[in-house]
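What follows is a single chain, given as structure tokens, in the form predicted on its own.
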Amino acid sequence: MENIVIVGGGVAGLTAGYHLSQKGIKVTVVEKEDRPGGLARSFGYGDFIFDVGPHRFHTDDQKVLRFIKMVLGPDSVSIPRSSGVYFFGRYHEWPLRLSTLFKLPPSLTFRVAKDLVHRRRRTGSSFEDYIINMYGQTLYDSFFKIYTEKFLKHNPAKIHSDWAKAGIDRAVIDKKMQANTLFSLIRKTLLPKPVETEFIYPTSGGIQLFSDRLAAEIEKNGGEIRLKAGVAEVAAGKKKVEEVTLADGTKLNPDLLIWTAPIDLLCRLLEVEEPRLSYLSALLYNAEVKGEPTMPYQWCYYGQEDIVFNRISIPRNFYKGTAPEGKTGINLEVTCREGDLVWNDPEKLSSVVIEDMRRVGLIPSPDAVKALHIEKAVNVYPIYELDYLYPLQRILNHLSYIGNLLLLGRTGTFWYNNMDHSIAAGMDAAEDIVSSQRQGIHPLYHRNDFWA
């Protein structure tokens, strides 16, 4: 293998590129942004550092854990998890604790208990069916339905149950705290001592440090990192990608193309039928705030319809050095579609974002916000519409005939995952390529390989 081109400089592509370059293979990473990292990059404004949402390292895979620690070296800290959820006008610990039961309206608690002992099972395959079967009608109506409609901009009855399996269950993070039925949810809240989850977070440059170090090692090993380099064309014969043309006219001739950019973009460039797949993008309102954090949470979900943001994260609660002394950075995420009215004019929401910060107690008054920086993140979440499996499988079958193409990562495989999953996938891909275990280097990872 003389030359491998990796389109997309996110965690999966950089991890694969690092391991391949360590074996002496020529790697060229092509990234359209001005820095590596993809969805795991950071923004700096003076002494403030913000990530694209609440990024942190956590894994049960010891191989992945050793790799993360090796890359970060001494420049990391281990911190306990602290996360919350806001609904019915109050903050609650997430995962739920015993104290949560006493904060809910009594009528809601009664109806939740009634769901536990008496409910009919639904037979459909929608998000709505899955949540009602697992948690009951009351919790679905009072939180999951409202949050999902607000977050995805879709009717939960038209979203596949895989979104719940990937999103709701994964939000708990620690398998020891999984609560995938109403009974287990209540049982977990009654534990005398909740399971404590530890995270790893960099002590320099935010989560960006991980990607920067991988990129530096790739270049040190003779590879190339091309930033601000969009892909304009992909030319393929019947069984092989022949040429990749960048936006600046540069032409690359890969022996193997590892594609971690959106799968629908690849289909467009190959001029094959595009799958009916779509991604949700996000606006990130990064607020510089005077004063200490008003809450201990590293991140918090907001399920109420009248709060414009879906989720916030406080980098300083991951690592104090992400903000100057006596100040706090708060990242507020608003999901939208690329090209819609909010995306095209995000400044219109600025005053609403700040007022909602005051309403939920993140700031004492609007004057506490000294600066508000707006960043755009495209293709952040794959949307699992009810029939998404059919077009996805059809396009995977079509692309499987291209013998030197490998799909990888969150957007390359339409897979709603965490950083540790992308790292593991990148490591496995590099190992398979180097060991030549795949005859002809057969490309496509199927999502069930990961979600089993």
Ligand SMILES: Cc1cc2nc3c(=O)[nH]c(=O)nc-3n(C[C@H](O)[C@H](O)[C@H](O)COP(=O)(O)OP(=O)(O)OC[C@H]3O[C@@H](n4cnc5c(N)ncnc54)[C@H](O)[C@@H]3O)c2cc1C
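Quick note: we count residues from 1 along the sequence shown, nothing fancier. These numbers were taken from a predicted model, which means no experiment stands behind them.
The form predicted together with the named molecule exists for this protein as well; it is not shown, and the discussion that follows is about that form.
Only one of Asp47, Glu33, Asp61, Asp387 lies close to the named molecule in the predicted bound form, with a heavy atom inside 4.5 Å, and it is Glu33.
Glu333 is the sole member of Glu93, Asp129, Glu288, Glu333 with a non-hydrogen atom within 4.5 Å of the named molecule in the predicted bound form. Screening 361 to 369, 135 to 143, 348 to 356, 253 to 261 for residues having heavy atoms within 4.5 Å of the named molecule in the predicted bound form returns a single hit, 253 to 261. Contact between Pro324 and the named molecule in the predicted bound form is not found at the 4.5 Å heavy atom cutoff.
Among residues of the shown chain, Val11 is one whose heavy atoms approach the named molecule to within 4.5 Å in the predicted bound form. Within 4.5 Å of some heavy atom of the named molecule in the predicted bound form lies at least one heavy atom of Val7. Not displayed here, the named molecule is kept clear of Cys267 by more than 4.5 Å at the level of heavy atoms in the predicted bound form. Taking a 4.5 Å heavy atom cutoff to the named molecule in the predicted bound form, the contacting residues in 397 to 414 are Gly409, Arg410, Thr411.
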